[in-house]
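Consider the single chain below, provided in structure tokens and representing the form predicted alone.
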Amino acid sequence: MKIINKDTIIENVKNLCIKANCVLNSDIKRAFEEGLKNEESPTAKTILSNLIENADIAEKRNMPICQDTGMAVVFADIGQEVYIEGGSLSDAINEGIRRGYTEGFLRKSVVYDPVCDRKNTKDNTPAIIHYNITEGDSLKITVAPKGFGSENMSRIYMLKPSDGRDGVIDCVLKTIEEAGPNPCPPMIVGVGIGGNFEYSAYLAKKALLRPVGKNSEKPYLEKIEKEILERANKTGIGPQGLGGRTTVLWAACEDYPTHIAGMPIAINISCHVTRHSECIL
């Protein structure tokens, strides 16, 4: 059994919050550079160049890539042989979020009451935490801040089995086209297929963690991903919605068995930064 003290978790989560918000992942930066090579529109080229420059400045100065530093989403894969010492895992994660957003001077955007007074919690907690129990004695923590310019463009559809793969792709394209410039394209699109209503949304969010350029290992999902990417980049929405070939940087699909009578599909639209950072303890 491995014993992990809550203070270790707090410190690591704090650092992950700051890193995720200030350092653009290398796979996404490469996708910007690839888009820059393929673009013909002068406006699109300028925007992509500016996004690359912005990311470089953010990393050098340890400043947020985007002013919306998001609501913190955390994926915690905890081994069965791990024991958390000194407090609960949830409390440690939220304390790490609190310190990261405070010490990192990150914008705090979470409100207590989603309907009435909408009073700010002033520390960006609580986080959205997804737990997964695994074998072994390690704890993997992924912090994925998500802004709501893109989150608001996400959708869930409860399709009929007869809608098939064409129905899935059509729903994704419809969501991308309706999103337009709102999620700060070029977008990254996570798609969850199967499970039930809530699990498809979890799959879509998790799909956003897959590196840009890495297709699903399942051949049928790989074909869907490639078709979504090809068709999305023919819409002409382009970087920041001002036209061009680079509307979507990547589309990633995850699936799960579902009920014989249904075919849930969730589309989680993410902005051009799609922040996430991870550690293994």
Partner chain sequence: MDISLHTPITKETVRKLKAGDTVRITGIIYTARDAAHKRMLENKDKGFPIDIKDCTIYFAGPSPAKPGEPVGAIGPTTSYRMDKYSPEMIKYGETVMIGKGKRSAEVVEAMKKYGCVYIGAVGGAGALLASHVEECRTVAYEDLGAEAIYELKVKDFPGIVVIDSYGENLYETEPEKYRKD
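Numbering follows the first chain given and starts at 1. Everything numeric in this text was worked out from a predicted model, so none of it was measured.
Although it is not shown, the form predicted together with its partner chain is what the next lines describe.
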| message | If contact means a heavy atom within 4.5 Å, which one of 76-84, 162-170, 148-156, 130-138 is the stretch that engages its partner chain in the predicted bound form? | response | 148-156
| task | Tell me whether 65, 105 and 243, taken together, all sit within 4.5 Å of its partner chain in the predicted bound form, counting heavy atoms only. | result | yes
| field | Close approach of residue 42 to its partner chain in the predicted bound form, 4.5 Å, heavy atom | value | yes
| said: residue 51 versus its partner chain, in the predicted bound form: is there a non-hydrogen atom within 4.5 Å? | reply: yes
| query | Just to confirm, residue 126 within 4.5 Å of its partner chain in the predicted bound form by heavy atoms? | reply | no
| Exercise: residue 213 in contact with its partner chain in the predicted bound form, heavy atom 4.5 Å | no
| remark: Of 266, 13, 269, 273, the only residue with a heavy atom within 4.5 Å of its partner chain in the predicted bound form is 273
| said: Looking at 201, 110, 184, 89 here, can you tell me which has any non-hydrogen atom within 4.5 angstroms of its partner chain in the predicted bound form? | reply: 184
